[in-house]
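As a starting point, one isolated chain is supplied in structure tokens, in the form predicted on its own.
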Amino acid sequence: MSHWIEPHPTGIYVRPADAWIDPSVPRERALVTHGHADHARGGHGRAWATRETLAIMALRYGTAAGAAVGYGEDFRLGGVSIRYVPAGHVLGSAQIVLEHAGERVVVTGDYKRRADPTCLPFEPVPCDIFVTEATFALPVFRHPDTGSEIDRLLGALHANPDRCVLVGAYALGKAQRLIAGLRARGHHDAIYIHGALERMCALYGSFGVELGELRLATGLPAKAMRGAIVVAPPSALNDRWSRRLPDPITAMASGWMRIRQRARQRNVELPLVISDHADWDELTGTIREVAPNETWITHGRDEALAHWCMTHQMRARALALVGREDEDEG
């Protein structure tokens, strides 16, 4: 185990750089993998992140002191060479590659291996220590083809022209990926969005992600949205806001929709297994691909992934970092 990088419940400390990776409390120096709130917090003295992630943090927390890091660009802090490479999770997401004392450590943050038109694909980097998530690290989680799930959504829409399909999708990443996926499958009608998604969709557009015609669903008569797709945060699916929609078919886009009980608990009629995280085969396949001497598991189903590593003669340890999982973000 490396002596210069230290896991703590509130984040990973890089001692020679005097910097923390994705700290859950404000720190003087923070290296941030991506913009989701369980990884990017406000209040840091200075944050290093991609341009896109800094823009997301500014949108969510207000202006913050930050240094933009381009993908593949090397910089140094306290003798540690640092490089950000794509993680394929959401816009601006990055793995952080650290090199010091003849060792290479890769901290993935969250990641996925599926194609996503809204962000750059995951780039595998061989390393000595691989620090990975484990959100869906159980064999039951094998995500279906994303295009097939979107086709199911379009099929429900076309079969019910007098209703709308209301899709719960996390405001950062999932909503934009879903909309871009619908466009890729030939759906070019206006898509209606909840007001909570408006600024994030506009931010994606400012970075060149084409989402087509979006209209705010707020204040419109129900008949205007018949035969349409409406995208909202998962929290809006069953609240008063949704009651004025035209007999909505309630859908939710999440890797957790693989578990039928979760869908029933959320009153979801059309569960869509669309995840922004790697599934079981992708997690284990990625570990094989980067071939680390040791795997550290930050959060999720860490015991199952650590057990898989050990049964394949690979060293592993669970870090149990706090505050690292948002169920709606899966």
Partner chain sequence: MRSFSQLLDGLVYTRSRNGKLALIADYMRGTPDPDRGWALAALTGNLDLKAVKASAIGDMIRARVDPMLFEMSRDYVGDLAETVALLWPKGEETDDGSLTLSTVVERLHGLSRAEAPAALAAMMDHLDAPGRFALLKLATGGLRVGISARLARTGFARAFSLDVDDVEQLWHVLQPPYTPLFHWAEGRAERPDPGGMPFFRPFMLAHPLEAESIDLNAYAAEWKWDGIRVQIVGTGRETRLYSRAGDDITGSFPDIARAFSGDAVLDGELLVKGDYQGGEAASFNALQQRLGRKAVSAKMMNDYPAFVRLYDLLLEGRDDLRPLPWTVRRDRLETFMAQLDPERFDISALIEAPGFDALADLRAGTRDAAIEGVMLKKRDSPYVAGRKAALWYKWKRDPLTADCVMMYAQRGHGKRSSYYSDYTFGCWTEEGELLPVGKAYSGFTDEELKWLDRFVRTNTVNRFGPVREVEKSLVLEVAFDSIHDSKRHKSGLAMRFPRIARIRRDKPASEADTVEGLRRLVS
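Numbering follows the first chain given and starts at 1. This one's a predicted model, so the numbers in the text were calculated from it and none came from an experiment.
Below, we refer to the form predicted in complex with its partner chain, which is not included among the displayed structures.
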Partner proximity in the predicted bound form: N293 to its partner chain, non-hydrogen atom cutoff 4.5 Å: no
In the predicted bound form, A263 touching its partner chain (heavy atom, 4.5 Å): yes
Its partner chain contact at E269 in the predicted bound form, heavy atom, 4.5 Å: yes
Contact of A304 with its partner chain in the predicted bound form (heavy atom, 4.5 Å): yes
All of R142, N238 and T250 with a heavy atom within 4.5 Å of its partner chain in the predicted bound form: yes
Residue among A224, I259, A196, A184 with a heavy atom within 4.5 Å of its partner chain in the predicted bound form: I259
The single option of L138, L120, L77, V209 touching its partner chain in the predicted bound form, heavy atom within 4.5 Å: L138
Interface stretch in the predicted bound form with its partner chain - options 240 to 248, 99 to 107, 168 to 176, 196 to 204, non-hydrogen atom within 4.5 Å: 240 to 248
